[in-house]
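The chain below stands alone and is given as structure tokens, in the form predicted on its own.
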């Protein structure tokens, strides 16, 4: 079952200036694959990711944790072997997932999340996070909250661009990605690159928190559409 959303909103900053926050069209489909316990595809503009969730399952003794599940995140690139960049992205996704999952309910077990890049046209890390959350929901894993990813690019002139394309990322002087939780809209994880001021960081966080409302709304609507068809 697939869902799509395109949205534009206006966000008021702390100094009273209004930002027009535009998110590219979203698309999502769950339960795509038969072998994983949960799967999803997530599309943001021309960026698309396929996520597969396996577990809880038996874990190797060397990786066993006595009081919680062991989560492993693997990113597979479209071409070639994963690099240091993918390893850093795996760490960001894993830390976000561990903060959300109630892994203590599955001690001495293994959870494996595989993220396959289908096409990258910017905001890839936030697309990873969104695909992971939808795969967790499809697998029925216990979570304390949902999470989503929002990427902001700061242009040379100081303009903040949400959900930037690959070209906009290359032309920007700073790139910031945040993982936002669904209960209190707190920042669960941040990944930054480039130079920016404290004020610009605060503006990007505020914009990401506001943009996350539309993403969580899209989560709810996509799940509602899926189960309304199956009931």
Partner chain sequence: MESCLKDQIGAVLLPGDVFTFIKTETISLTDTSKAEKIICGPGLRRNGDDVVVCKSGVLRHKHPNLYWVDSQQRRYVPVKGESVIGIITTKSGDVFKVDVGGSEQASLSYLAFEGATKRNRPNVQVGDLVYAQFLIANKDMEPELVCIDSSGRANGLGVFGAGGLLFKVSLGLVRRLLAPQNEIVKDLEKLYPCELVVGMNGRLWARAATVQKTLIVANLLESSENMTAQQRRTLFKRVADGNL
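Numbering follows the first chain given and starts at 1. As the structure is a computational prediction, the values presented were derived from the model and not from experiment.
What comes next is about the form predicted in complex with its partner chain, which does not appear here.
Checklist entry - Exactly one of 182, 172, 177, 70 has a non-hydrogen atom within 4.5 Å of its partner chain in the predicted complex; which residue is it? => result The option sitting close enough to the partner is 182.
Item to check | Contact of residue 33 with its partner chain in the predicted complex (heavy atom, 4.5 Å) | outcome: Looking in the predicted complex, residue contacts with its partner chain include residue 33, since a heavy atom lies within 4.5 Å.
Checklist entry - Looking in the predicted complex, any heavy atom of residue 106 within 4.5 Å of its partner chain? => result Yes, residue 106 is a contact residue.
Checklist entry - With the partner left out of view, is residue 55 within 4.5 angstroms of its partner chain in the predicted complex by any non-hydrogen atom? => result Yes, residue 55 lies within 4.5 Å of its partner chain in the predicted complex.
Checklist entry - residue 102 near its partner chain in the predicted complex, any heavy atom under 4.5 Å? => result Residue-level check for residue 102: yes, a contact with its partner chain.
Checklist entry - Within 131-164, which residues come within 4.5 Å of its partner chain in the predicted complex, counting heavy atoms only? => result The stretch 131-164, when checked against its partner chain in the predicted complex, contributes 137, 138, 139, 140, 141, 142, 143, 144, 145, 146 at the 4.5 Å heavy-atom cut-off.
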